[in-house]
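Below you'll find only one chain, the form predicted alone, shown as structure tokens.
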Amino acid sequence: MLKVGLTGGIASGKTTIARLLVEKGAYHIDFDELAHDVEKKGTPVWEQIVRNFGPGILLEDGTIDRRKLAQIVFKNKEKLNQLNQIVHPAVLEKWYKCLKDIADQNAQAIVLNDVPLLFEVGLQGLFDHIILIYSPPDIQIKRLMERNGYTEEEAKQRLAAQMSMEEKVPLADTVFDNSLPLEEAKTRVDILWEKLTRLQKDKYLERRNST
């Protein structure tokens, strides 16, 4: 199994690149979806979040208002770290189970792990190869405003809460420029998939030869 970390700035277009790679044959695990799952009403993670951030972050049905919570943590790095410490252990536990399920189906799988804050929370060591999706800040801000209904100030706050691209680039194995037209992106995804396939084969052969 080749464990690939996929990350990038918020609204950098990770979803599009992930979809194209899945069409090529990659398995896909979305850490945001795992987080949604472990934060469901009544779970231990939900209880810890409510205890630490107060009932004011809940919607009328008792579920977490993720936008309200985001407004709190993305203005305060200490609170963001606090939230990460609550959520990430449960997410990782669920992730390991997902990996086992995939391995049971296909031991030579290429598993794409979509982790928005991969570098921020120091998860580099979990993956064999890390892809950083890059888009210029002005495009990210525009996408956030259109996709999430943020004001320009809110979008800029979300960007400011993350590591800069200058800090992330040296930590990545592959930097994928996603500011180009979709057709060009598809061509470069073809090349990227060939690279990942070679890496998976090399890892498989290395492991087989060592046994």
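For clarity, a rigid core is taken as the largest C-alpha set superposing within 1.5 Å between two forms. What you see is a predicted model, and the numbers here were worked out from it, not measured in a lab. The first residue of the shown sequence is 1; numbering continues from there.
From this point on, the text means the form predicted in complex with a small molecule, which you will not see here.
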Query raised in the report: Are Lys14, Arg147 and Leu182 jointly within 4.5 Å of the small molecule in the model of the complex, each by at least one heavy atom?
Result: yes
Report task. Check each of Arg143, His28, Arg158, Lys168 and return the one that places a heavy atom within 4.5 angstroms of the small molecule in the model of the complex. Result -> Arg143
Requested in this report: Would you please decide whether Ile10 lies within 4.5 angstroms of the small molecule in the model of the complex, comparing each non-hydrogen atom pair?
Outcome: yes
Requested in this report: Classify Gln48 as contacting or not contacting the small molecule in the model of the complex by the rule of any non-hydrogen atom within 4.5 angstroms, answering yes or no.
Outcome: no
Query raised in the report: Against the rigid core, is the Cα displacement of Leu182 between the shown form and the other one at least 2 Å?
Result: no
**Report entry** Core fit, then Ile141 C-alpha moves 2 Å or more between the shown form and the other one
**Finding:** yes
